[in-house]
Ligand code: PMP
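Just one chain is shown here, as C-alpha coordinates, and it is the form predicted on its own.
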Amino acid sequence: MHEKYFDHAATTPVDERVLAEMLPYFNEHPGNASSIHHLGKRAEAAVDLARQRVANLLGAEDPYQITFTSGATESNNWVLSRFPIDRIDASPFEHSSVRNFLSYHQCYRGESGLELYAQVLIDNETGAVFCPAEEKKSRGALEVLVDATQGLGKIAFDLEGLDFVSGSAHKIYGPKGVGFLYEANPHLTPMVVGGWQEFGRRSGTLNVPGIVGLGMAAELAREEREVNFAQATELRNIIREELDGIDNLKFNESANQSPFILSVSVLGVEGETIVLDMDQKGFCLSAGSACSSKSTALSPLLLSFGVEPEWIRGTFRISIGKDNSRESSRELGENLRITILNLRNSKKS
(Lines give C-alpha, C1' and ligand atoms only; values in the text may rest on other atoms or scores of the structure.)
Protein backbone atom coordinates (compact mmCIF):
# COMPACT_ATOMS: atom_id res chain seq x y z
CA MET A 1 0.00 0.00 0.00
CA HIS A 2 2.89 2.39 0.75
CA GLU A 3 5.38 1.17 -1.86
CA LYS A 4 5.49 4.60 -3.55
CA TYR A 5 5.70 6.57 -0.31
CA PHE A 6 9.26 7.92 -0.11
CA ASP A 7 8.81 10.62 2.53
CA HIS A 8 9.57 8.66 5.70
CA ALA A 9 11.83 11.40 7.08
CA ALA A 10 8.67 13.53 7.39
CA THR A 11 6.59 10.79 8.99
CA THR A 12 6.01 7.06 8.76
CA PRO A 13 2.81 5.03 8.48
CA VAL A 14 1.85 3.31 11.72
CA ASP A 15 2.97 -0.31 11.70
CA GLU A 16 -0.02 -2.68 11.89
CA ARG A 17 1.57 -4.41 14.89
CA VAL A 18 1.86 -1.06 16.64
CA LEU A 19 -1.76 -0.24 15.88
CA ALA A 20 -2.89 -3.63 17.21
CA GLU A 21 -1.04 -2.97 20.46
CA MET A 22 -2.65 0.47 20.82
CA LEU A 23 -6.28 -0.29 19.99
CA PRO A 24 -7.37 -1.91 23.29
CA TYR A 25 -6.31 1.19 25.23
CA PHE A 26 -8.74 3.40 23.34
CA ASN A 27 -11.82 1.48 24.51
CA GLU A 28 -11.35 -1.99 25.98
CA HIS A 29 -8.86 -0.82 28.64
CA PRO A 30 -9.84 2.84 29.19
CA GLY A 31 -8.20 3.37 32.58
CA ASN A 32 -6.28 6.44 33.63
CA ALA A 33 -2.72 5.37 34.46
CA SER A 34 -2.94 7.35 37.72
CA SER A 35 -6.07 5.56 38.96
CA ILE A 36 -5.72 2.87 41.67
CA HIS A 37 -8.44 0.50 40.41
CA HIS A 38 -7.68 -2.49 38.19
CA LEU A 39 -8.15 -0.68 34.87
CA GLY A 40 -5.89 2.11 36.08
CA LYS A 41 -3.28 -0.43 37.12
CA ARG A 42 -3.50 -2.10 33.70
CA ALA A 43 -2.87 1.26 32.03
CA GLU A 44 0.01 1.97 34.40
CA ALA A 45 1.59 -1.41 33.61
CA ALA A 46 1.27 -0.71 29.87
CA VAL A 47 3.03 2.65 30.33
CA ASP A 48 5.77 1.01 32.39
CA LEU A 49 6.34 -1.58 29.65
CA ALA A 50 6.54 1.15 27.02
CA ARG A 51 9.06 3.07 29.12
CA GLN A 52 11.22 -0.03 29.42
CA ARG A 53 11.02 -0.63 25.66
CA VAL A 54 12.17 2.91 24.89
CA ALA A 55 14.99 2.51 27.41
CA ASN A 56 15.99 -0.74 25.71
CA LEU A 57 16.10 0.92 22.30
CA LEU A 58 18.37 3.66 23.62
CA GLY A 59 20.46 1.39 25.79
CA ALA A 60 19.48 3.37 28.90
CA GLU A 61 20.30 1.80 32.25
CA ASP A 62 17.09 2.86 33.99
CA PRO A 63 13.60 3.44 32.52
CA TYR A 64 13.26 6.24 35.11
CA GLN A 65 15.52 8.23 32.76
CA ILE A 66 12.71 8.35 30.17
CA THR A 67 9.95 10.98 30.30
CA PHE A 68 7.11 10.80 27.79
CA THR A 69 6.31 14.02 25.90
CA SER A 70 4.31 15.08 22.86
CA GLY A 71 7.38 14.62 20.67
CA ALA A 72 10.95 15.71 20.07
CA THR A 73 9.97 19.34 19.47
CA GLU A 74 8.62 19.62 23.00
CA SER A 75 11.56 17.66 24.40
CA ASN A 76 14.08 19.93 22.69
CA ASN A 77 12.28 23.07 23.82
CA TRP A 78 12.10 21.75 27.37
CA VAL A 79 15.85 21.26 27.61
CA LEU A 80 16.76 24.50 25.85
CA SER A 81 14.42 26.54 28.04
CA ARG A 82 16.20 25.37 31.19
CA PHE A 83 19.61 26.77 30.26
CA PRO A 84 20.78 30.41 30.07
CA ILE A 85 20.23 31.48 26.48
CA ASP A 86 23.68 33.01 26.13
CA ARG A 87 25.24 29.73 27.24
CA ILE A 88 23.75 27.54 24.51
CA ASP A 89 25.50 26.54 21.30
CA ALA A 90 24.12 24.43 18.46
CA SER A 91 25.43 22.69 15.39
CA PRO A 92 24.37 24.26 12.08
CA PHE A 93 22.47 21.11 11.13
CA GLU A 94 19.70 21.31 13.73
CA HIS A 95 15.98 20.72 13.36
CA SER A 96 13.78 23.82 13.38
CA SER A 97 12.68 23.07 16.96
CA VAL A 98 16.23 23.98 17.98
CA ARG A 99 17.05 26.64 15.39
CA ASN A 100 13.81 28.54 15.78
CA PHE A 101 13.89 28.34 19.56
CA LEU A 102 17.31 29.96 19.61
CA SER A 103 16.31 32.50 16.96
CA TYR A 104 13.10 33.38 18.81
CA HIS A 105 15.08 34.07 21.97
CA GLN A 106 17.72 35.98 19.99
CA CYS A 107 20.40 33.53 21.00
CA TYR A 108 23.89 33.99 19.67
CA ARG A 109 26.58 31.35 19.57
CA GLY A 110 28.59 31.26 22.76
CA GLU A 111 32.28 30.74 23.31
CA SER A 112 34.20 27.99 25.10
CA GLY A 113 32.87 26.57 28.37
CA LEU A 114 29.35 26.23 26.98
CA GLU A 115 26.69 24.99 29.35
CA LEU A 116 24.71 23.16 26.67
CA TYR A 117 25.52 21.99 23.17
CA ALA A 118 22.65 20.92 20.91
CA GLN A 119 23.60 18.34 18.30
CA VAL A 120 21.53 16.36 15.84
CA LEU A 121 22.37 12.66 15.36
CA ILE A 122 21.27 12.50 11.70
CA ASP A 123 20.26 15.65 9.85
CA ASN A 124 16.81 15.39 8.34
CA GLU A 125 17.63 16.80 4.90
CA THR A 126 20.80 15.05 3.74
CA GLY A 127 21.03 12.09 6.14
CA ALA A 128 24.52 13.03 7.32
CA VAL A 129 25.47 11.17 10.52
CA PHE A 130 27.27 12.99 13.34
CA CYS A 131 29.02 11.93 16.54
CA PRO A 132 27.67 14.14 19.36
CA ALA A 133 29.96 12.77 22.08
CA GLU A 134 33.09 13.72 20.12
CA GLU A 135 31.67 17.17 19.38
CA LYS A 136 30.92 17.65 23.07
CA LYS A 137 34.55 17.07 23.98
CA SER A 138 35.90 19.33 21.25
CA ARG A 139 33.59 22.21 22.19
CA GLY A 140 34.05 21.94 25.94
CA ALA A 141 30.31 21.74 26.54
CA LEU A 142 29.23 20.86 30.04
CA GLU A 143 26.08 19.10 28.85
CA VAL A 144 24.84 17.96 25.46
CA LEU A 145 21.36 17.54 23.98
CA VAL A 146 21.04 15.12 21.06
CA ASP A 147 18.02 15.12 18.78
CA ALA A 148 17.95 11.46 17.74
CA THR A 149 14.63 11.64 15.91
CA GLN A 150 15.98 10.70 12.47
CA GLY A 151 18.48 8.17 13.80
CA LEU A 152 16.30 6.42 16.35
CA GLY A 153 16.06 2.74 15.49
CA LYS A 154 18.02 3.26 12.26
CA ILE A 155 21.63 3.38 13.38
CA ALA A 156 23.42 2.21 16.51
CA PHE A 157 24.61 4.92 18.87
CA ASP A 158 26.08 5.06 22.34
CA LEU A 159 24.60 7.07 25.21
CA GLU A 160 28.01 7.50 26.81
CA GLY A 161 28.73 11.21 27.24
CA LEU A 162 25.18 12.25 26.27
CA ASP A 163 23.07 14.14 28.80
CA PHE A 164 19.76 14.52 26.96
CA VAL A 165 18.27 12.63 24.00
CA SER A 166 14.95 13.43 22.31
CA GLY A 167 12.85 11.40 19.90
CA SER A 168 9.40 10.99 18.33
CA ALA A 169 7.26 7.91 17.74
CA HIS A 170 6.03 8.91 14.29
CA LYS A 171 9.49 8.52 12.73
CA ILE A 172 9.68 4.82 13.74
CA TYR A 173 6.22 3.65 12.56
CA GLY A 174 4.49 4.78 15.74
CA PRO A 175 1.68 7.33 16.28
CA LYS A 176 2.02 11.08 15.90
CA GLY A 177 1.94 13.36 18.92
CA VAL A 178 4.04 11.28 21.32
CA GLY A 179 7.76 11.16 22.03
CA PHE A 180 10.25 11.15 24.86
CA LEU A 181 13.14 12.86 26.58
CA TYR A 182 16.02 10.85 28.01
CA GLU A 183 17.99 12.41 30.85
CA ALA A 184 21.19 10.75 31.97
CA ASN A 185 20.69 12.40 35.36
CA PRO A 186 17.06 13.54 35.65
CA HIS A 187 17.19 17.04 37.08
CA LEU A 188 15.33 19.43 34.78
CA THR A 189 12.61 21.53 36.38
CA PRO A 190 9.15 20.45 35.14
CA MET A 191 7.87 21.42 31.73
CA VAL A 192 4.21 21.24 32.79
CA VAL A 193 3.06 21.56 36.40
CA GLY A 194 -0.17 20.05 37.71
CA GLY A 195 -0.50 16.52 39.01
CA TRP A 196 2.34 14.11 39.69
CA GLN A 197 2.40 12.33 36.33
CA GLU A 198 5.76 11.34 34.84
CA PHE A 199 7.51 11.54 38.21
CA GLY A 200 6.36 15.14 38.54
CA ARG A 201 8.34 16.18 35.45
CA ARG A 202 5.43 16.58 33.03
CA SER A 203 1.95 16.73 34.46
CA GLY A 204 -1.25 15.87 32.64
CA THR A 205 -3.24 12.71 32.03
CA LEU A 206 -1.04 10.29 30.14
CA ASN A 207 -1.76 9.48 26.50
CA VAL A 208 -1.81 5.76 27.19
CA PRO A 209 -2.59 4.54 23.62
CA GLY A 210 0.08 6.81 22.18
CA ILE A 211 2.68 5.79 24.76
CA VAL A 212 1.87 2.11 24.19
CA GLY A 213 2.34 2.69 20.46
CA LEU A 214 5.68 4.39 21.03
CA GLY A 215 6.80 1.48 23.19
CA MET A 216 5.84 -1.14 20.62
CA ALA A 217 7.42 0.88 17.80
CA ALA A 218 10.62 1.13 19.84
CA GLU A 219 10.64 -2.62 20.42
CA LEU A 220 10.19 -3.38 16.72
CA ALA A 221 12.82 -0.79 15.73
CA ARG A 222 15.33 -2.43 18.05
CA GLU A 223 14.59 -5.93 16.78
CA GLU A 224 14.52 -5.04 13.07
CA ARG A 225 17.20 -2.35 12.86
CA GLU A 226 19.80 -4.40 10.99
CA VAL A 227 17.28 -5.79 8.49
CA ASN A 228 15.83 -2.32 7.80
CA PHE A 229 19.32 -0.83 7.43
CA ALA A 230 20.33 -3.43 4.85
CA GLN A 231 17.09 -2.93 2.90
CA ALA A 232 17.45 0.85 2.88
CA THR A 233 21.05 0.54 1.66
CA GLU A 234 19.99 -1.65 -1.25
CA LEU A 235 17.06 0.56 -2.28
CA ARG A 236 19.06 3.78 -2.01
CA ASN A 237 21.67 2.30 -4.34
CA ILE A 238 18.98 1.31 -6.85
CA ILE A 239 17.56 4.85 -6.94
CA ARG A 240 21.02 6.40 -7.09
CA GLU A 241 22.02 4.20 -10.04
CA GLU A 242 18.89 5.21 -11.95
CA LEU A 243 19.80 8.90 -11.52
CA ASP A 244 23.50 8.56 -12.28
CA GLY A 245 24.60 10.22 -15.50
CA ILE A 246 22.01 13.02 -15.56
CA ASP A 247 23.77 16.29 -16.37
CA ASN A 248 23.94 18.95 -13.63
CA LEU A 249 22.64 16.60 -10.94
CA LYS A 250 24.47 15.86 -7.70
CA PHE A 251 23.89 13.93 -4.50
CA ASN A 252 24.34 15.75 -1.19
CA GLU A 253 26.20 13.10 0.76
CA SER A 254 28.64 12.92 3.67
CA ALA A 255 31.44 10.51 4.49
CA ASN A 256 29.23 9.09 7.25
CA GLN A 257 25.85 8.71 5.59
CA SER A 258 22.48 7.26 6.60
CA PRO A 259 21.08 5.03 3.84
CA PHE A 260 17.54 6.10 4.69
CA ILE A 261 17.86 9.55 3.09
CA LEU A 262 18.98 10.55 -0.40
CA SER A 263 19.25 14.31 -1.02
CA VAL A 264 19.42 15.26 -4.70
CA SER A 265 20.09 18.68 -6.25
CA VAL A 266 19.31 19.47 -9.89
CA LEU A 267 20.52 22.66 -11.50
CA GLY A 268 17.96 24.72 -13.39
CA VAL A 269 14.83 22.92 -12.12
CA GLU A 270 12.80 23.77 -9.02
CA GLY A 271 12.73 21.00 -6.41
CA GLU A 272 9.07 21.67 -5.59
CA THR A 273 8.14 21.31 -9.25
CA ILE A 274 9.81 17.89 -9.32
CA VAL A 275 7.94 16.86 -6.16
CA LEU A 276 4.58 17.98 -7.56
CA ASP A 277 5.18 16.24 -10.89
CA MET A 278 6.14 13.03 -9.11
CA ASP A 279 3.03 13.31 -6.96
CA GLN A 280 0.96 13.16 -10.14
CA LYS A 281 2.69 9.83 -10.82
CA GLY A 282 1.79 8.50 -7.38
CA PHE A 283 5.12 9.07 -5.62
CA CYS A 284 5.48 11.01 -2.37
CA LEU A 285 8.77 12.91 -1.99
CA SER A 286 9.80 16.12 -0.28
CA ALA A 287 11.50 19.34 -1.35
CA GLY A 288 13.01 19.55 2.15
CA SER A 289 12.07 19.13 5.79
CA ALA A 290 8.31 18.94 6.37
CA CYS A 291 8.77 21.37 9.29
CA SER A 292 10.01 24.06 6.87
CA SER A 293 8.03 23.14 3.73
CA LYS A 294 5.90 26.32 3.96
CA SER A 295 8.98 28.55 4.03
CA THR A 296 10.40 30.12 0.86
CA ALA A 297 13.78 30.78 2.48
CA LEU A 298 16.79 28.73 1.41
CA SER A 299 17.47 25.81 3.71
CA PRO A 300 20.02 26.89 6.36
CA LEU A 301 20.99 23.26 6.76
CA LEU A 302 21.88 22.84 3.08
CA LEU A 303 23.73 26.16 3.14
CA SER A 304 25.74 24.88 6.10
CA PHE A 305 26.32 21.68 4.17
CA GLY A 306 27.99 23.73 1.44
CA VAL A 307 25.27 23.49 -1.21
CA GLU A 308 25.20 26.61 -3.42
CA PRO A 309 21.92 28.62 -3.49
CA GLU A 310 21.26 27.89 -7.18
CA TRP A 311 21.50 24.15 -6.42
CA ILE A 312 19.39 24.37 -3.25
CA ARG A 313 16.40 25.58 -5.28
CA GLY A 314 16.54 22.35 -7.24
CA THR A 315 16.88 20.06 -4.24
CA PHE A 316 14.48 17.28 -3.31
CA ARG A 317 14.65 14.56 -0.67
CA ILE A 318 13.93 10.85 -0.97
CA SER A 319 13.54 9.06 2.36
CA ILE A 320 13.26 5.30 2.35
CA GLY A 321 11.13 3.04 4.54
CA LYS A 322 10.47 -0.61 5.09
CA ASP A 323 7.37 -0.67 2.84
CA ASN A 324 9.37 0.38 -0.22
CA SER A 325 10.45 -2.34 -2.63
CA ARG A 326 13.10 -2.90 -5.28
CA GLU A 327 10.44 -2.47 -7.97
CA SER A 328 9.04 0.80 -6.59
CA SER A 329 12.57 2.16 -6.05
CA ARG A 330 13.56 1.40 -9.63
CA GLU A 331 10.30 2.88 -10.89
CA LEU A 332 10.91 5.99 -8.80
CA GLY A 333 14.36 6.47 -10.30
CA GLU A 334 13.11 5.93 -13.84
CA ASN A 335 10.27 8.43 -13.42
CA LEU A 336 12.54 11.00 -11.79
CA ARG A 337 14.87 10.81 -14.80
CA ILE A 338 11.95 11.36 -17.17
CA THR A 339 10.54 14.21 -15.06
CA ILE A 340 13.85 16.07 -14.79
CA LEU A 341 14.59 15.81 -18.52
CA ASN A 342 11.04 16.84 -19.47
CA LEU A 343 11.12 19.87 -17.17
CA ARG A 344 14.44 20.97 -18.63
CA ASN A 345 13.18 20.55 -22.18
CA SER A 346 10.02 22.53 -21.42
CA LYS A 347 12.14 25.42 -20.12
CA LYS A 348 14.13 25.48 -23.36
CA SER A 349 11.05 25.57 -25.59
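Counting begins at 1, following the sequence as shown. Worth saying up front: this structure is predicted, and the values here are computed from it rather than measured.
The form predicted together with this ligand is left out here; the points below concern that form.
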Using the partner position in the model of the complex, report whether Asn252 sits within 4.5 Å of this ligand, counting heavy atoms only. no
With a cut-off of 4.5 Å between heavy atoms, is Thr73 one of the residues that contacts this ligand in the model of the complex? yes
State yes or no: in the model of the complex, is some non-hydrogen atom of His170 no more than 4.5 angstroms from a non-hydrogen atom of this ligand? yes
Heavy atom to heavy atom, is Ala218 within 4.5 Å of this ligand in the model of the complex? no
May I ask you to choose, among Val165, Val79, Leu152, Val120, the residue with a heavy atom within 4.5 Å of this ligand in the model of the complex? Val120
Want to guess which of 270-278, 239-247, 91-99, 194-202 is within 4.5 Å of this ligand in the model of the complex, heavy atoms only? 91-99
Contacts from 1-31 to this ligand in the model of the complex (any heavy atom within 4.5 Å), listed N to C, are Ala9
